[in-house]
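Shown here is one chain on its own, the form predicted alone, set out as structure tokens.
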């Protein structure tokens, strides 16, 4: 199966958790098509945990919950396919799923064939309740083989939370994307900690096997299954999406696309950011700055005090196809501050005689020809993403 670009789609878990049904999944797929998500590349519609009965049938096969999925999974998959999407489901490498339902440990080949018979195109494979006597890498390799034995193209999304450094071996066992962190929650600290934890590992992510830093929470605003702590703002969501795009991470939506806030919907379909995420070369970014942000309070009552925030500034420089580049400026501090970008740190010193012709990736605004460096003042919890091309000075 050729997965040349970071997969894009939607997963039920972040917003709905156990509250899933045939009707919800069909409504979501229809909304994604009507609102233009499919056209932008979001092609997978994935059901997460708590879809089955607690017991297998007399043939040892998994059984969909008849109250949630009265038509069964094959009919649902057919409807999803008819709308132009690919259909995804969930299982687990442990003895039980994370919610305590039947899992695929010692049932890898029969479960893979069941999924193939239903028309499944994507399998998220979790790691809960994994027995200490077993070997995780071997069990993921076994499910990879089981999926291939069906003869059906099924994207294998391994979710082992970063256990045993999966960025070093998932590609070698045929996995297409792998969860490298714990679960995301709908708050700023959660998604920034997750992204920062993997900055040095994306050099091992690329075509055919992508580092997955979890489903997006964009548009949730503190409502849903993974709402925990202070809810994200629209600015926070802009930063989350820009990070995922700069890192070429899979873009799996977790919000309710049927009722998505217009600003969030526009963000998720932004051509400039999607162009960066879906660039054919899928190169990881360079870290050209990671350090402090110095901010000054605007309130005159405080005397405009200065604050220093360690490890809150991040600048990523990314090579794209067609001679283009992307620069992402991120300020994880609560107040606005300057985030630098010295071009020499990306291989373009002032003495080269070249600069970068820059434009804003999100708005398209021309920022002119810049030489040597281009530093930006970035809002607290905010980001700026630019696209650029080399141009000779003078």
Ligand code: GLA
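Numbering follows the first chain given and starts at 1. Note that the coordinates shown come from a computational prediction; the quantities given were computed from them, not determined experimentally.
The form predicted together with this ligand exists for this protein as well; it is not shown, and the discussion that follows is about that form.
Contact check for 244, 275 and 362: none of the three has a heavy atom within 4.5 Å of this ligand in the predicted bound form.
For the candidate set 95, 194, 98, 320, a heavy atom within 4.5 Å of this ligand in the predicted bound form is found for exactly one residue, namely 98. Checked against this ligand in the predicted bound form, the candidates 121, 126, 108, 236 yield a single residue with a heavy atom inside 4.5 Å, and that residue is 126. This ligand is not drawn, but in the predicted bound form it has a heavy atom within 4.5 Å of residue 183. This ligand in the predicted bound form comes within 4.5 Å of no heavy atom belonging to residue 77. Under a 4.5 angstroms non-hydrogen atom cutoff, this ligand in the predicted bound form has residue 90 among its neighbouring residues.
Although the partner is absent from this view, residue 306 stays clear of this ligand in the predicted bound form, with no non-hydrogen atom inside 4.5 angstroms. Heavy atoms within 4.5 Å of this ligand in the predicted bound form are found in exactly one of 325 to 333, 41 to 49, 346 to 354, 28 to 36, that being 41 to 49. Annotation for 134 to 169: interface residues with this ligand in the predicted bound form are 159, 161 [heavy atom within 4.5 Å].
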